[in-house]
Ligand SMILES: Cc1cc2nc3c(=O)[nH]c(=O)nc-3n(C[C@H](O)[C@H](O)[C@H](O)COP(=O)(O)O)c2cc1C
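Just one chain is shown here, as structure tokens, and it is the form predicted on its own.
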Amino acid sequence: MTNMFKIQPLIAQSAIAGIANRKFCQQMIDLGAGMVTLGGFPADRLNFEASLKMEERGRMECIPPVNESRFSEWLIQNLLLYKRMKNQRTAVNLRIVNSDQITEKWLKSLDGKIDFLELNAHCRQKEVLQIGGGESLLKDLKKLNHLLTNISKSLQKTKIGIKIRGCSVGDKDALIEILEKHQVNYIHIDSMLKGKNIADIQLLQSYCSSTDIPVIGNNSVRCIEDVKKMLKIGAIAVSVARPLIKYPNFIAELIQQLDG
């Protein structure tokens, strides 16, 4: 499989629910991030309703309008970013569990306007799990395969990536087979080590050595040494999320230290 995935610098900003909006991600672009990811956003009726329930219990969510006449305007105002460097990339993280008219509206509107659509197989919120979305997709590979088939048919110019929670994968080899079949351009892996405040480097390495699909490492990145560990075992980039909420300049510092 030929894969032209390349970002520069090698530090990315991961999706952060309720936080990674246009203003936040544009700031990350301006600070030099090699890739930024907006969202995640609900992109079907079931996920839209789940997001409303999450907001009701106090969780921050990025919820777009469902009215089609307002959606295009909302898209331009909220999702289109201005790159500062040639190899910077933009992605939008979407929660999809059952492709419907809302999904088609998203795909049609985004195609060619962003570099990557990142399918969310990562969210672990109860409302999303109850509808079979988020990390539940990692144990229902038939549904995941069906979603990727539908998404691939709808996108002509925008490539597909996927965000997964590594410790929730049921059958890694079967998952990789499906992702390779659909020519997914990258696997963004939250390598959370259950019960620990460190990343599972061995888990991350197992993906890097099992597929030619580029792997972005994620979780527990607190210093440049954490970045270097992930790059050393084969990740093509490393993403940061939560630390950026309180200290956005952290991403610029990592980039400077990596290049230094």
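Numbers follow the displayed sequence, beginning with 1. Remember, predicted model here, so these are calculated numbers, not experimental data.
Separately, the form predicted together with the named molecule exists; it is not shown, and the next lines address it.
If you check in the predicted complex, is residue 219 within 4.5 Å of the named molecule, heavy atoms only? So residue 219 counts as contacting the named molecule.
Looking in the predicted complex, any heavy atom of residue 135 within 4.5 Å of the named molecule? Residue 135: no, not in contact with the named molecule in the predicted complex.
Is the gap between residue 240 and the named molecule in the predicted complex 4.5 Å or less for some heavy atom pair? Although the named molecule is absent here, residue 240 would touch it in the predicted complex, with heavy atoms inside 4.5 Å.
Check residue 89 for me: does it contact the named molecule in the predicted complex (non-hydrogen atoms, 4.5 angstroms)? Result no; residue 89 lies far from the named molecule in the predicted complex.
Name the stretch, out of 119 to 127, 176 to 184, 80 to 88, 135 to 143, where some heavy atom lies within 4.5 Å of the named molecule in the predicted complex. Stretch 119 to 127 is the one.
May I ask whether 47, 98 and 108 all come within 4.5 angstroms of the named molecule in the predicted complex, judged by heavy atoms? The answer is no: none of the three residues contacts the partner (heavy atom, 4.5 Å cut-off).
Listed by sequence position, which residues of 59 to 83 have a non-hydrogen atom within 4.5 angstroms of the named molecule in the predicted complex? Residue within 4.5 Å: 59 only.
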